[in-house]
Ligand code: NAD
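Quick setup: one chain, the form predicted alone, written in structure tokens, and binding and motion questions come after.
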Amino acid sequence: MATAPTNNHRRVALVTGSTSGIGKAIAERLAADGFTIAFHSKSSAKTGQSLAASYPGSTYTQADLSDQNQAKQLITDVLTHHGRLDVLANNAGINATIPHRSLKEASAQIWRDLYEVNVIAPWTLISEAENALRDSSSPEQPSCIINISSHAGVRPKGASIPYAASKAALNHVTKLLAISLSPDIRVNAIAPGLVETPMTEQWEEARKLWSERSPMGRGAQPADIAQLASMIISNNYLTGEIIIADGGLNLT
């Protein structure tokens, strides 16, 4: 559950999956930019509560985004405690590692599970948050949605075909929403390649690929993606873009 209500009237950013990795880096960067943060995770409640306590006015809410009711309640909780929402960063997502040639291994249930969290949950959060985002928007400072996608949604790569397809769907949803929610709400996506997070610690083959083939010679740090998110939010004109952040690997 979320922490106690706050009277903070600063701009508010909800970052899903923000107790570790990319989400945590984005949340901390936006806090440094002056936002009040609504932290979220499926688990890691103690970490989330500790993070919220570290940033004045911030809150933490635990919710399983594969459950539509919990996804909707997350937005309700954030609005109840903060009274407004200016930025929604859909970072939470799940993966499945399946060889691309192993078609039968990619079962229908795996497809459903990935789409539920990677596509449907962001859609639900956006639709539930739309009115609040419009209310806090102004011509000088439109509200902003950032979807964390993957380079696998742009190129025929990725841990599995269902995962890559779910991120490609999220990319297209991003472009469609950029039109339908304009001009009040800007919608963009960041499509990272390898990012050094707890989830990728064992990805030695990917690390070797980025070291040998990417122009930057390494995978990204979470702070690299967070800095890009900060830039997107601070630019009041950019919308409908899928920004690949893979150290130039897509060029090779």
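As the structure is a prediction and not an experimental result, all values here were calculated from the model. Throughout, we count residues from 1 along the sequence that is shown.
Below: the form predicted in complex with nicotinamide-adenine-dinucleotide (NAD), not depicted.
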| Just one stretch in 180 to 188, 51 to 59, 195 to 203, 30 to 38 has heavy atoms within 4.5 Å of nicotinamide-adenine-dinucleotide (NAD) in the predicted bound form, so which one is it? | 195 to 203
| One residue of V173, L79, I98, V117 in contact with nicotinamide-adenine-dinucleotide (NAD), assessed in the predicted bound form (non-hydrogen atom, 4.5 angstroms) | V117
| request: Give a yes or no for I94: in the predicted bound form, does one of its heavy atoms lie within 4.5 Å of a heavy atom belonging to nicotinamide-adenine-dinucleotide (NAD)? | output: yes
| said: At 4.5 Å between heavy atoms, is I22 in contact with nicotinamide-adenine-dinucleotide (NAD) in the predicted bound form? | reply: yes
| Does the 4.5 Å heavy atom contact test between S150 and nicotinamide-adenine-dinucleotide (NAD) in the predicted bound form come out positive? | yes
| Hey, in the predicted bound form, does A226 get a heavy atom within 4.5 angstroms of nicotinamide-adenine-dinucleotide (NAD)? | no
| Contact check for R84, A132 and S143 against nicotinamide-adenine-dinucleotide (NAD) in the predicted bound form, heavy atom at 4.5 Å | no
| Residues of stretch 59 to 80 in contact with nicotinamide-adenine-dinucleotide (NAD) in the predicted bound form (4.5 Å, non-hydrogen atom) | A63, D64, L65, S66
